[in-house]
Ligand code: HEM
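Given as structure tokens, the chain that follows is alone and in the form predicted alone.
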């Protein structure tokens, strides 16, 4: 059995949730300020909110669960555990500096932004190298590799590229301390980190684990077997997703809206088949599972992938209209981003965490009703935020008021999820509880082996 890493998962998750609460609260304040017309909002504060949610929350959280999951879905090979703590410390310090940036004037801001750039680059590269070790070990074996390992490799490459792009944005912005980040670099970095790293890891974990959690057929066969038609569709869709991330990042960096539109079309072409094979797939013909262990999981998983389909469809429709010269309001692309980030990623994270955190901590999920509220809150928040695209394109203006409620709702859902996961991970397991099961199981195997 793969060794647990109790000193890795807890600090990653706790740091990520703490930054998420600060970032989501800031986002809710900014959103309400704009909708209530209380005055102009500095672009720097909007980028601080985005930076906190991407490299302060999503990236550390996915890395933390990666330290627990990647060894288990990569043939039990160990991660480079020595790089985990430096990666977390670097990203945590970068998150702290991120909130301080708008408050520091003059020459101190120059040093602050340069330090933040170095920390983001170091944390992203160290985190990617930490999780890449099991995959490197699998390559050295020259044996058959499973399809989800390819998804993880692509995701980690996107994390490294995203961290470097984000670091470049902060480094260049230091020349004019009061300026916002270069929009192209920031957009490219966040696309690589969210749609590349976080979404790719979500697809890899779903491919490997949904067979047992939902009763679906496995996502990809091992490569020594002849690929089935389903495998070929999956690989083609995964290739389209990877190409969309690269093209979209290049388009954002170069300021080419047309290229970003093509990337959005490719993204939809990739994630729609993947969603139909994963969270939205039929469970008939799949393995039988114990559905009593987590009755909420099927609803959360299917809701998350339905919101991913919605976000991809909205982005593809808006991009296609733009390519044909039709007028498209920019708020549609903001709606796409939030349907993917809040709707898919946060809903899926809450769904998976409710199943994985108890297995890691060796005790039942604490305050499970808060997790249910978080799932419903993330889904509702993303749908409310999507109303701004409708209001911007056709009206009425009252829909913008409704979309403004998405910020406080998402912040409340994050607080609920943080309380449930924090209580689960920080409390000690009961004596003789689930945490001791692996030891007894190993002892039973040793006795059986001795008798044979």
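Model, not experiment: these values are computed from the prediction. Residue numbers count along the first chain shown, from 1.
The same protein also has a form predicted together with the ligand, omitted here; what follows describes it.
- The contact residue chosen from 399, 30, 383, 415 relative to the ligand in the predicted bound form is 30, the criterion being a non-hydrogen atom within 4.5 angstroms.
- Checking 69, 425, 61, 411 for any heavy atom within 4.5 Å of the ligand in the predicted bound form turns up a single hit: 411.
- Residues placing heavy atoms within 4.5 Å of the ligand in the predicted bound form fall in a single listed stretch, namely 45-53, out of 45-53, 391-399, 415-423, 61-69.
- Contact between residue 281 and the ligand in the predicted bound form is not found at the 4.5 Å heavy atom cutoff.
- At a distance threshold of 4.5 angstroms between non-hydrogen atoms, residue 338 is in contact with the ligand in the predicted bound form.
- Residue 194 belongs to the set of residues with a heavy atom inside 4.5 Å of the ligand in the predicted bound form.
- Looking at residue 294, you'd find every heavy atom of it more than 4.5 angstroms from the ligand in the predicted bound form.
- Taking the ligand as positioned in the predicted bound form, the residues of 331-361 that bring a heavy atom within 4.5 Å of it are, in sequence order, 331, 334, 337, 338, 341, 342, 346.
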